[in-house]
Structures are given as C-alpha cells and as structure tokens.
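As a starting point, one isolated chain is supplied in structure tokens, in the form predicted alone.
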C-alpha cells in the first residue's frame, strides 16, 4: 500500500525504557507525539493497559479518532509477521500477541508490527540519511546493536523477518561472550552496557551521575584514556562489521543511529579507520557511512512507513 490516505498513521515505538507514540502524516512529518516510561511491573496486562492509555491520550489530544493505520516497532525477538513479541528488555511480554491486540482495538485498519531496529532503517531510507538511495543499511547502536537492510529500494525481511541483524556478525572470534550464546558478536563488543563493563574492568570509575554509556561518552570527551579506549574499541568493531556488510550487500549508504552514534568523532574516527583497513574493494570504498538523520524519531517514522509506503517496506499479508 502506498501513500493513498490523507489521514495520519498512528506510529508506536516500544522499548525497555519508554513507550512512544506519534501521529505521522503522509509526508513523514510527526504532527503529535507523546511518551511514557515503560512500566517495570511483571504483569503483561499492566504494560498493555499503559500502552492503551498512551494511544488513547494521543488520539484524543490530536482529535484523530480514525488514523489511516497503525505501524509499530518493537524490540525482538518476535514471530513475524504475526507480531507475537518477546522483547529481551521487557520481561513482562513473552509471546505477547501485540499485533492481534492492536487489531482488536482498530478492527478496520491495517496494523503492522516489525522489529524496532528495522523500523529505524526504514525511517532513514524513507525520510532520512538514506533517502534517494536504493541500497541502505540502517543501524542502531545503543543498549543493543541491530539493523535493517534495504536493497533495490525495498526492505529485505529474510526468512523470519530478521535480515540485516548486523549485531550478530562476528567481529572477533576470541572476543567476549554474547547474550545470543555466541562469542565475539558486534553487539557483545559495541553495545553500551558492554562498553561500560569493559571500561570498568580497565579501571574506569564513574562519577556522581552513575554508571551509563552517557557518562562513559562524556568522560571520553573530557580525555579520560580508558573511556576513550572503550569508544575506540566500539568504533573499530563497527567498522569491521560494516566492511563485511558492504562487500556482501553492495551498499550505497550506512546510517547509524542510537545513543552511541551521538558520540561523533570519538566513535566515527576509529570506525572509518577500520573501514580503510578492511573495505578494500573499489565498490565498497564508495559507500557513505553517516550518522542517522532522524535522531530519536527514526523508529516512529519507519513504523509509519510500514503503512504509508507499504509497497516498499511491508512484504507480508
């Protein structure tokens, strides 16, 4: 389904720390936005009622009783396209029938649910750093590392909806264990909590603000050698993984979003250094690796595009 509605789409971004919702118009502009902290309650009904209240409030305040559809990005894993979700960072939901519940709320509307990192990639291709290119890898580097892949101008889902999951490309076979059960995955090296743990083992001691990737990045900016080395380590791992993706997929643009992408040269300089070492084929050297253009709204814009530009980004039912 292409852009054939005047009404906005209700877009939802479900994460471990926040639930966000927005109305997105057919041009990809967010017209109304709201968010709430993700409840820590282990009862799945509490989380669902919290989400329902957020959506009801947003639609009422916007005066939009009937959006054009509902697009959702949610942490994985999930069964796709049925939309039964088990987000690793939301223990309350295991095999939660998110798509079915949303369809029951909006029985006359299309409801589409995909991985949150894939929605970021879709948003960047549709209206962000990858706009105008046909072959784009979108990435999120934050508490985890995920991604989505657009080739030939269309989202590539793969057999189970997980194509583009660059977080589990192996960058160091002798590297740290990963939560997936493997070893040396990009996510194990470059995810924010992993970087913090590595830096602490090397002697970094956070100050008053607490232990977080934000403080680690701030200390790196202030010249702390261990904090700087942590970001150097993450950047090089990203460069190695991206070089492999470039050669495999013949990309034009790699757009990197998420909290760590805000570190600027502290992350991107070692990333580019690793690319110069490992991306040696001529076609790979032409690829642009850039920060995501849409910032924290990319996932919501991408979730809306599952409806508004479904001919390119939704390949099921």
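Positions refer to the first chain, counted from 1. What you see is a predicted model; the values in this text were computed from it and never measured.
This protein has a second form, the form predicted in complex with another copy of the chain, left out of what is shown; the following refers to that one.
Novice: Please state whether all three residues 165, 180 and 251 have a non-hydrogen atom within 4.5 angstroms of another copy of the chain in the predicted complex.
Specialist: Affirmative, all three are within 4.5 Å.
Novice: The chain here is shown without another copy of the chain. Which stretch in 168-176, 122-130, 195-203, 225-233 comes within 4.5 angstroms of it in the predicted complex, by heavy atom distance?
Specialist: So the stretch in question is 168-176.
Novice: Closest heavy atom of residue 104 to another copy of the chain in the predicted complex, within 4.5 Å or not?
Specialist: Looking in the predicted complex, residue contacts with another copy of the chain do not include residue 104, since no heavy atom lies within 4.5 Å.
Novice: Is residue 277 close enough to another copy of the chain in the predicted complex to count, meaning some heavy atom within 4.5 Å?
Specialist: Output for residue 277 is yes: heavy atoms within 4.5 Å of another copy of the chain.
Novice: Is residue 151 close to another copy of the chain in the predicted complex, meaning a heavy atom pair under 4.5 Å apart or at it?
Specialist: Close contact exists here: in the predicted complex, residue 151 approaches another copy of the chain to within 4.5 Å, heavy atoms only.
Novice: How about residue 91 - does it come within 4.5 Å of another copy of the chain in the predicted complex, if we only consider non-hydrogen atoms?
Specialist: Close contact is absent here: in the predicted complex, residue 91 is far from another copy of the chain, nothing within 4.5 Å, heavy atoms only.
Novice: Quick check on this chain: which one of 98, 220, 240, 188 has a heavy atom within 4.5 Å of another copy of the chain in the predicted complex?
Specialist: Filtering the options by heavy-atom distance leaves 240.
Novice: Sort through 75, 144, 83, 161 and report the residue having a heavy atom within 4.5 Å of another copy of the chain in the predicted complex.
Specialist: The option sitting close enough to the partner is 161.
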